[in-house]
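Only one chain is given next, in structure tokens, and it is the form predicted alone.
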């Protein structure tokens, strides 16, 4: 009788796992379930879903590979990880596409059943990588996941095709065992998701448990890993994606303003989730309208703003271009409107499911005429909640359109979010004009803000539209001097927002020789790069722009107080262009546009390069 090998339990601080398979293999679901369970256990985490734009690329091809990366830790983390430590590959294409990014000596778990002649050819392999030695240097676990799933489901009445779909739960169960996660959370999800399909519930649960038990009883895995909960601030947490946080932020903003929330939107990747999430909050007075195109989406929102609602419209890249003319209408009518642009790879339809931050100049200047709007940007998935409230506050307070920039990485990525007390979120004062005698549609207060009067209110009847307005009366005016005056007023109103936004905050060494600045979704990568550099002895500081128009009042003071300014951007230097023009300061640009988030190591290397490889 062979000796039974004892399994070793090893405690580690962090790991990065990537699930990869065909688009029909359920990798996004598998990654999401693993993330949710990990969040329940109290680990800090960050995720990066990566999936093809095609509705259904040919099965088994490199074009159809879908991936989900998860970085979780017992420490504070800010990114989904530069390179995975573990790759779960459900077919040869998933292995081939993801292998170049895997850490050398990393663990590869493959579904060996999928490595047949047909799939190897589809993945453009000349030989089987499990047999030809090309994976030397990695730890390989070739497991017949499909066969083991079928074996577990031999009594199930499901078809062979339906049984095959359960293999992702086998892989999930195996990973739960390997990283010492309970399966209860996912069992509850299965029973809720398929509550009217008992055979599906039974099959998925059996596959999940079979994968978990396989890890427990097989002698091939000699080590099991445990990652302790992170030391997070006390409170109630949930795992949240950027799009979920954006939707919840707007619901809260409407409640804090005492207004109904209206979303007029045309579905577009990766912004569509916001429309879907908000459609579930009818009990909070939320109205969602799926328009026939981008133009009608924003036009309906402008109408809702005219009628007294907190009005928003959501889109991505090319959709913002289509909203250009109507954005100018919102500027001219001076109505509160939030335009959310979840940036993606461009130009045109570009890389619809990939991330980029190349719409900044479009947000700042992409309109005809002098049409200034406020522009703000979220820094992390959970920060989308705060910035959607902040965008709403600015729009309502200053009666102006505000563009909120997020991106595909923030929108689809997720992290633990400490649910705030509703009492900790300030009210958003909104005052509708009611006094008939003092009413003029374009009169101004000290912030140059015109009054908001509900249409149909007796005595406050007024017209709005795209033609130039006479100051104070709002009548149509072609007077040259009035036009110049109104242009200056609209510009000055945006500038006055700077009085109610926070200063640019410096993180790190105030006496640093280099300040790494950024905006949007690069915050986490920059923060970790700065932290790593400081641990190595370099004096480095970080400042992140969440308000881009107007900028914080101390921006020039901050930028001119550091010897070197490094600006990583996932574009060709759009914020750098703005800062150079505005403040006449040298900016060291670091631009990488690959449809992916920055790697921490790349930014860290750039910091060291700027400092000449030594602590100055």
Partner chain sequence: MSSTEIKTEKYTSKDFSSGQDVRWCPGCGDYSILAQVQRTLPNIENIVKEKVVWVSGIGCSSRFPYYMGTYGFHGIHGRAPAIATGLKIARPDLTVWVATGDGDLLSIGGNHFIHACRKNIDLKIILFNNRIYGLTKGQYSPTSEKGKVTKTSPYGSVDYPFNAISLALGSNATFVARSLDREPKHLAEMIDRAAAHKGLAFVEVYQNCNIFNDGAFELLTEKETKDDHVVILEHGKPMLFGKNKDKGIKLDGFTPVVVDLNDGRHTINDIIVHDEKDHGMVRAFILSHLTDDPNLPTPIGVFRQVFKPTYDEAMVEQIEQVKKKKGKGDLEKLLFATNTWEVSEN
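Numbering follows the first chain given and starts at 1. Treat the numbers as computed from the prediction; the structure is a model and nothing was measured.
Missing here is the form predicted in complex with its partner chain; even so, the following discussion is about that form.
Wondering, does residue 42 line up within 4.5 Å of its partner chain in the model of the complex on heavy atoms?
Yes, residue 42 sits close enough to its partner chain in the model of the complex that at least one of its heavy atoms falls within 4.5 Å.
With heavy atoms only and a cut-off of 4.5 Å, decide whether residue 364 touches its partner chain in the model of the complex.
It does not: once its partner chain is placed as it appears in the model of the complex, residue 364 has no heavy atom within 4.5 Å of it.
Although the partner isn't part of this model, could you tell me whether residue 272 comes within 4.5 Å of its partner chain in the model of the complex, counting any heavy atom of the residue?
Judged by the heavy-atom cut-off of 4.5 Å, residue 272 is well away from its partner chain in the model of the complex.
Can residue 283 be called a contact residue for its partner chain in the model of the complex at 4.5 Å between heavy atoms?
Heavy-atom contact with its partner chain at 4.5 Å: present for residue 283.
Which one, 98, 239, 400, 146, lies within 4.5 Å of its partner chain in the model of the complex by heavy atoms?
Contact with its partner chain in the model of the complex is made by 239 alone.
Within 4.5 Å, heavy atoms only, which of 531, 449, 419, 130 is in contact with its partner chain in the model of the complex?
Only one listed residue qualifies here, and that residue is 419.
Quick check for you: of 203 to 211, 175 to 183, 304 to 312, 147 to 155, which stretch puts a non-hydrogen atom within 4.5 Å of its partner chain in the model of the complex?
In the other structure, the partner sits against 304 to 312.
What residues in 239 to 270 sit within 4.5 Å of its partner chain in the model of the complex, counting heavy atoms only?
Residues within 4.5 Å: 239, 248, 251, 252, 255, 260, 262.
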